[in-house]
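Heads up, the chain below is alone and in the form predicted on its own; it's given as structure tokens.
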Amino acid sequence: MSRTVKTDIPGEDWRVTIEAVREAGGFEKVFAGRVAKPLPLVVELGYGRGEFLIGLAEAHPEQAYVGVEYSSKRTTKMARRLAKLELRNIALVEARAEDVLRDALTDESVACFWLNFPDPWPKARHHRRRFVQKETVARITRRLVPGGSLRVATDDPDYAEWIDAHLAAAPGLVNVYAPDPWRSEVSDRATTAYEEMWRAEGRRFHFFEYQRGPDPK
């Protein structure tokens, strides 16, 4: 039996549409008066249950965070949770991550992108649906400030190889973990709820960190 999601927001509602961001003049204007440093942003693409993003925002109240999630149910639950916590430094966008990258973010406006355990789409005929694609990585690179980071995590070995191939071939990105393609453990990284569950099941993880170089193409 499915549970009914409460849609009332018990406080300030920090959900924003792509159109509203563009009408406001960008995320810098969205966060004006709410945080000390509106730009550059930290963006989590697909925040799931939201505990990872909330942990980051609570630790750095001066930093502006953007959470992107396609699920309406998860976005509503997260908005209610943020209102109760009275966190003012997170904006939520209910949209496809590809659309947010293209239409809501500007070049050199993001300090870090987090992509935690995206859908691996394991069947070969579905690989075109994977988020990590040549065009997407190129757009992420342009949106990063010089020296900004892209941090990706997956527990799927085949997707890890796919991610490695696409990131290693991307002009303007430099592998922080070179010569290793990825690491299985990262000491300074928080964990997601799903990650804790999967770790208990004995799954292996693949963590990537790339930085934008000084002159991406």
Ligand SMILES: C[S@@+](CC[C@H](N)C(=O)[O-])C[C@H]1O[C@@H](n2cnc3c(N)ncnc32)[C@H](O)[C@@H]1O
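Predicted model only: the values in this text are computed from it and were never measured. Numbering starts at 1 and follows the sequence shown.
Quick note: we don't show the form predicted in complex with the ligand, though the next part is all about it.
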query	finding
122, 133 and 156 all contacting the ligand in the predicted bound form, non-hydrogen atom within 4.5 Å	no
Interface segment, criterion being heavy atoms within 4.5 Å of the ligand in the predicted bound form, picked from 180-188, 66-74, 156-164, 31-39	66-74
Residue 109 within 4.5 Å of the ligand in the predicted bound form, heavy atoms	no
Non-hydrogen atom contact residue 103 with the ligand in the predicted bound form at 4.5 angstroms	no
Contact test in the predicted bound form: residue 20 vs the ligand, heavy atoms, 4.5 Å	no
Distance check, residue 192 to the ligand in the predicted bound form, heavy atom within 4.5 Å	yes
Contact residue in the predicted bound form, chosen from 26, 48, 148, 172 - any heavy atom within 4.5 Å of the ligand	48
Partner contacts for 75-109, taking the ligand in the predicted bound form and a 4.5 Å heavy atom cut-off	95, 96, 97, 98
